[in-house]
Structures are given as structure tokens and as C-alpha cells.
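As C-alpha cells, one chain now follows by itself in the form predicted on its own.
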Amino acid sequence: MSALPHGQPPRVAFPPNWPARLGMVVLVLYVAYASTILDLTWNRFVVGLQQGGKFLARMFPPDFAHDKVSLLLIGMTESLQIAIVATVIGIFLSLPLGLAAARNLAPRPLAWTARALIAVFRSLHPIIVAILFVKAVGFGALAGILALIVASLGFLSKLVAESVEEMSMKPVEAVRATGSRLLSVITMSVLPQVIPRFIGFAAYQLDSNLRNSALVGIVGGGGIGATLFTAFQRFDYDFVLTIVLAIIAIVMVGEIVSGWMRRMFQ
């Protein structure tokens, strides 16, 4: 090992990062302060565990009575329909919106306008959007479908725009050099590069909409969420467990289907 030049201080393998340490201290102090403001106490946690144990005890065994299963099937079928319809419409609307938001393809004013619209869609949770649509169009599946379409647009359009911006521009320039119109450029050079990833995004969004269809139903968007909310109001906790198990099963099936779709089109 060669000696260090005269007067040069020895190098430290892991020099202390004082700004990062100070930031961690500030973060810990803030968490402690916020915990006191939010009344996060150990006693409340222990009482909550006891109450949760009693609640779980009332949920077992799950209720599979014939009339309850009929309600479950009706609600679950409606949730599946809400999720599929919202995903399909969201796919068809998000593709042009995502292309318009791509800064390497669309004019700057159009791209920034589309990105601002996508940001609005992404800033609101599906439950909040569902509440707004319930107030606008009333209770039922239409409100849930519209809420999930907005959620799909916020997710899929952003990913489409990012995929277009990351693609190779050489095929685009080659097609443009032939004098083709914009639609031909998109069809011949953009979509072949984007579609495989877009199908994977769409499969994930279908999986997400299957979960969110239960959430929007709780606030009046139809589907199994409405059935779940009614069971809670009636203190019918064994039926609540049946609904929760059915939702878990559907989400797991949706995960398998979305994974199969991603593998098929890779």
C-alpha cells in the first residue's frame, strides 16, 4: 500500500453524511410530535386488539346460507361487470390521451394540456370520485363505472405517455420521411413499440379495478361493496366474512388472469 502524500489527510471509507443524519433526526422528532397530536397511544392499541378479537369471533363461521349466497353472487357479478366495462372503456380512452401527453410526439401545448388532465385524474382517489359521481348520477353501477374509468385514465395514460417518450424515434422518423400522415405514423411506428407494454398495463389495471369495484360500491357505486355495506349495517358479520372471502378469491383469480395476459403478449 503506497503512503499518502505529505500533508494530505487520510481518506475515510464511509464519511459521515451530516445533512442526512440531521434529516433523520428531524423526521424522528416529527413522527413523535405527530403521534401525540393524533392520539396514538399504546392503551388505544391494546383496546383495539381486544375489540378486534371480539369482532373476528362474531365473524366465524362464515354464512353460506342459500339466500345469502344468492345476494353474494348478484353483487359479485355486478362488481365484475363494473370492473370489466370500466377497464375496457378506460383502455380505449387512455391510449389517445397518453399519445397526446407524449412530449416527443405531440406539440408542446397539447402535451402539457393532456398531462395536466392526467394529473387531475391521478390526484383523486377512486372513492372520492365515486362519491362525486353518486351525487351527479345517483346510486348504482353507473357511478362506479365512471369512477373506475377516471382511475384507469389516470394510470394508463401516464404509463402510455412515458412508454412513448422512452421508445426509439428512428422508426417514427423513417415513416415520417415517406410523407405519411400522423395516423399512419402512430399505427406503423408508435403502436408496435408501445402495445406490448400497454397490454401489461391494461392487465394490471383490470386487476386494480377488480379490487376498487368493491371500494366504490361501499359509497354507493354498486356491486359487492353495496352488499358488504348493507351487511355491516345489519351487524351480519358472518355474512361479512363470506363477502370478504369471495372478494379475496376474485382478486386472486384476477391476478392469475392478468399475469397470464402479461406473459402472452410479452
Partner chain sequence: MSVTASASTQPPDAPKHATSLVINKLRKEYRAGQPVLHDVSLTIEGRGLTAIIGPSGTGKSTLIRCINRLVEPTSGEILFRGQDIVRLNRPELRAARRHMGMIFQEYNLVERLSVIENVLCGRLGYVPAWRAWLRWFPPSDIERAFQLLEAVGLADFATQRADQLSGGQRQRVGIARALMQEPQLVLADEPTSSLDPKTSVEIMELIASRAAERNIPAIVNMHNVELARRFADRIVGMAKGAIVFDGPPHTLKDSHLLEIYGGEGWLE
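Positions refer to the first chain, counted from 1. Just so we're clear, the structure is a prediction, and the values are computed from it rather than from any experiment.
Beyond the structure shown, there is the form predicted together with the partner chain, which is absent from this document and is the topic of what follows.
The chain is drawn here without the partner chain; in the predicted complex, the stretch among 187 to 195, 111 to 119, 97 to 105, 153 to 161 whose residues come within 4.5 Å of it by any heavy atom is 187 to 195. In the predicted complex, at least one heavy atom of E173 sits within 4.5 Å of a heavy atom of the partner chain. Of the heavy atoms in L183, some are within 4.5 Å of the partner chain in the predicted complex. Remark: L73 does not count among the residues lining the partner chain in the predicted complex, judged by a heavy atom distance of 4.5 Å or less.
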